[in-house]
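In structure tokens, the next block holds one chain alone, the form predicted alone.
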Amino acid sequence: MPQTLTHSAALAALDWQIDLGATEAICDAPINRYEVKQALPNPKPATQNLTSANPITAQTDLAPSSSPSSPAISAPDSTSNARSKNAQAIAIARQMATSAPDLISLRHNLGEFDHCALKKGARNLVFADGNPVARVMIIGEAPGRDEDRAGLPFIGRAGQLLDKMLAAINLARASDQPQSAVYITNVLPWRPPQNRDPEQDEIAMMLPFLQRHIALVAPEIVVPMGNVACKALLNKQGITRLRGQWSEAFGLPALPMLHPAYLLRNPIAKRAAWADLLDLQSRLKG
């Protein structure tokens, strides 16, 4: 006999499905899978239409034609159509981003951008947090579950660790002083389903907004955290190899660092992260 779920068990099951990325029912109406479809009548063979009075004519009709055949009409290439749509979406994103004169307008334009499928499954737009006049701008990957609910970046376990890391070198997102403040955003403003890695097309669509975001904040130093941020800003991957090596992103000094979520899974890497923090602190003082 089927078991009856309690209210708490049903709510827990619903939360679990939401964590997996479920946002809606698959079908609006039930499907009768026992319904038998009516079989289509078999067409008669073409040879039955040939007259038997003239076997030579019948043989000629069945033989392949010696005349040049017409070129086959191929179906539209779905890959080329997808690339064309992505290119159009990137062009629209570039236009909407460059037309924003300030951060408020940029956030509005980003919210109006409807060409990224991630927007449909997200609860909130996660734009930024911290002091926009800070000297340091930290760029992460994408919102997680907690960030999607609150509409703010880096507020889950990884965000709490990030705040502790910044506090160790006297930086804070809540500081009202530019020399001790940080400004935080992500490459993607919407949460990918099931917290999967962002796809290249999604990064390409959001890159014009990110570039405009950095230009409006105009920080002294950019800190890309994790592989996705390094791919977007530096067009490079391999964070364990790139971390701690100063580079340049959109004309600004950039210091790649390990993502706090990576440090939670690999605590032994905190030593390398601490070295990068000291390097960042030294650059700010110098």
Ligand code: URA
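Keep in mind it's a predicted model, so treat the numbers as computed, not measured. Numbering starts at 1 and runs along the sequence shown.
Although it is not shown, the form predicted in complex with uracil (URA) is what the next lines describe.
Colleague: At 4.5 Å between heavy atoms, only one of the stretches 88-96, 114-122, 101-109, 139-147 reaches uracil (URA) in the predicted complex; which one is it?
Modeller: Going by heavy atoms within 4.5 Å, the stretch is 139-147.
Colleague: Using a 4.5 angstroms cut-off on non-hydrogen atoms, would Pro153 count as touching uracil (URA) in the predicted complex?
Modeller: Answer yes; at least one heavy atom of Pro153 falls within 4.5 Å of uracil (URA) in the predicted complex.
Colleague: So in the predicted complex, does any heavy atom of Arg243 sit within 4.5 Å of uracil (URA)?
Modeller: Outside the cut-off, so no.
Colleague: Only counting heavy atoms and a 4.5 Å limit, does any residue of 249-278 reach uracil (URA) in the predicted complex, and if so which ones?
Modeller: If the 4.5 Å heavy-atom criterion is applied to uracil (URA) in the predicted complex, 249-278 yields only His259.
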